[in-house]
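Only one chain is given next, in structure tokens, and it is the form predicted alone.
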Amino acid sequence: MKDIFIFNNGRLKRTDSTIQFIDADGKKKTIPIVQVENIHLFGEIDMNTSFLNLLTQQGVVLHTYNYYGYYSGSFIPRSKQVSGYIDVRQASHILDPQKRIFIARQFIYGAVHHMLKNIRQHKDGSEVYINTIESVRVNIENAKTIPELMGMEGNIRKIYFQSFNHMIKNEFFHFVKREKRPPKDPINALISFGNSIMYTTVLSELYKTQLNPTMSFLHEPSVKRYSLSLDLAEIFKPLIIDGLIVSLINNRVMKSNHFEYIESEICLLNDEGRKIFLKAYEEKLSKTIKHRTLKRQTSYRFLIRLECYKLIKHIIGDTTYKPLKAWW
């Protein structure tokens, strides 16, 4: 099973039990649907209901991205994992302030653990960032409200981003500050693109469980967004995306010619840059570690699903939720 990324314009169609992509020049490529886990569309693609019905039958999630390469929306097949009981339990933990903030804190603890892990890999001069983050982390337990908790998380992440120039060994990729809308330099472009991809990966794993992706604990549940994917992605962004960015830059894989500027100030990955990043991202998700509880090799992608299962066990009163904290 693999993710399919389509950058060219063209058409997707169903051919029996396979999907076929026809590009603008009429070139055809056929892929057995059983080999596909998710489809990501970066180009302008036509499709019909027959094609979407095949995705529904096979449980394949389709994600679309806008011109700038950022997440735009998803086609999510009718879930086969629905559970009214889990929905009620999930909602009850959101409506109870104490239960909600307990889970929200765990997401932050997992995220901070992975931020510190990244900084510690670059020892010389890292103490100032580690000590400052630690001084904020000890107060997380005292946060009484979600906005207060979010404020602490924001402060920690601000310090963490300041450490990027310490971790990155390439003058071209000098980082000033986090700017999302729009990203104005290559580091911000990489972070924004990587986070966007991370959200879709978490959403696809949530789809395979009984959790409702719109009911979240840290981010405010709202309309028209899958906010639980934002919650869970907090744990995995520093573990997967940030480490990948630093590695691609320090190993001279990602270079200045992989970016483009729009209106002189919006910085984006170009198609070649996106392909390089996504290839490395897929390799990272497929990488396995020996899970100390399961006692078997487990991929980074499956670690995300395991986090969903741990959350389900918590809200049904089985096992208290503890976030993933990479031990390797």
Partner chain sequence: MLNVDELKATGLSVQYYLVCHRKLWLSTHQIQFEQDSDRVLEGKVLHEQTYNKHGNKEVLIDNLIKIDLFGDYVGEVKSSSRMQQSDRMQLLYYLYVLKQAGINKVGKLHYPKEKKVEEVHLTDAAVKEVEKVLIGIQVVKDKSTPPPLIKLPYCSKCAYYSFCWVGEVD
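Please read all numbers here as calculations on a predicted model, not as lab measurements. Positions refer to the first chain, counted from 1.
Beyond the structure shown, there is the form predicted in complex with the partner chain, which is absent from this document and is the topic of what follows.
- In short, of 119-127, 85-93, 144-152, 216-224 it is 85-93 that has heavy atoms within 4.5 Å of the partner chain in the model of the complex.
- Each of Arg296, Lys310 and Lys313 comes within 4.5 Å of the partner chain in the model of the complex, counting any heavy atom.
- The partner chain is not shown here, and in the model of the complex it never comes within 4.5 Å of any heavy atom of Tyr261.
- Heavy atoms of Leu324 reach within 4.5 Å of the partner chain in the model of the complex, making it an interface residue.
- Interface residue remark: Leu306 is counted as part of the site for the partner chain in the model of the complex, having a heavy atom within 4.5 Å.
- Although the partner is absent here, Tyr68 lies well away from the partner chain in the model of the complex, with no heavy atom inside 4.5 Å.
- Residue-level contacts in the model of the complex: of Lys287, His291, Lys279, Lys29, one residue has a heavy atom within 4.5 Å of the partner chain, and it is His291.
- Proximity to the partner chain in the model of the complex, taken as a non-hydrogen atom within 4.5 angstroms, holds for one residue of Ser135, Ser72, Gln81, Asn170, which is Gln81.
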